[in-house]
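Here we start with a single chain on its own, the form predicted alone, put down as structure tokens.
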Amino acid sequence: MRQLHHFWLSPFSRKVRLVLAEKKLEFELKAEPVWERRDAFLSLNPAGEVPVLEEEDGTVLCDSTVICEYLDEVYTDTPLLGADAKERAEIRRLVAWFDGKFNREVTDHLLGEKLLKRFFSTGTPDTKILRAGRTNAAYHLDYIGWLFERRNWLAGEHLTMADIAAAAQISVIDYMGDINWSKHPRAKDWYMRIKSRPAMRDILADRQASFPPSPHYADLDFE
């Protein structure tokens, strides 16, 4: 069976998990403590980063964008990158937005300060960075709401890789309880829609004993 080397709160690992689930591809999860920099893992990806996908034929794929585009090209039953060049361009623009801008301005701040500092033993959370992450999150959620008011999904009429990239980031932030959903009703409507999809079930079941999720994390109807 194909194996996905992942970290449970990595948004990029979650992105690949969601694509695999949407395409109904079986896979085994292998948690990777990237901070240990194990030789066996570095032999798969010298960058020492998750996700890494090992296909059944031995093919090793690194980087979430590379993995997701490979999966969409090889397993075509559930297309997630659009039907024509214009649609693909908009989907890729939004994927880059969430993988890049959102991750830098929100996830890196909140996840980095709240959790990764603990794992890497690099100090205590910086309240200024946490505040900046929450402020930036509000801006991004407003943008999600703006998109969803004008489209059936974020990039158009159908669920695409754009929604998956956004959901992967949002689910991490929501796990930590850093979203005031009452201030972002349209973004909440979008997230409730994708949260109810079968592909999200395993993501919503994620738990870390030393770092439990927000009380509403797995609820489909939440505040």
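Just so you know, these numbers come straight off a predicted model, no measurement behind them. Numbers follow the displayed sequence, beginning with 1.
We do not show the form predicted together with another copy of the chain, though everything after this point is about it.
Run the contact test on Ala85, Ala89 and Arg104 with a 4.5 Å heavy atom cut-off to another copy of the chain in the predicted bound form and return yes or no. Yes: Ala85, Ala89 and Arg104 each sit within 4.5 Å of another copy of the chain in the predicted bound form.
In the predicted bound form, the residue from Ile129, Ala138, Leu116, Ala96 that sits within 4.5 Å of another copy of the chain by heavy atoms: So the residue touching another copy of the chain in the predicted bound form, by this definition, is Ala96.
Another copy of the chain isn't shown here, but in the predicted bound form which of Pro46, Pro185, Pro198, Pro33 has a heavy atom within 4.5 Å of it? Filtering the options by heavy-atom distance leaves Pro46.
Flag Leu29 as yes or no: does it have a non-hydrogen atom within 4.5 angstroms of any non-hydrogen atom of another copy of the chain in the predicted bound form? The answer is no: Leu29 has no heavy atom within 4.5 Å of another copy of the chain.
Can Met192 be called a contact residue for another copy of the chain in the predicted bound form at 4.5 Å between heavy atoms? No - in the predicted bound form, heavy atoms of Met192 and another copy of the chain never come within 4.5 Å of each other.
State yes or no: in the predicted bound form, is some non-hydrogen atom of Glu73 no more than 4.5 angstroms from a non-hydrogen atom of another copy of the chain? Judged by the heavy-atom cut-off of 4.5 Å, Glu73 is in contact with another copy of the chain in the predicted bound form.
Closest heavy atom of Asp63 to another copy of the chain in the predicted bound form, within 4.5 Å or not? Asp63 belongs to the contact set for another copy of the chain.
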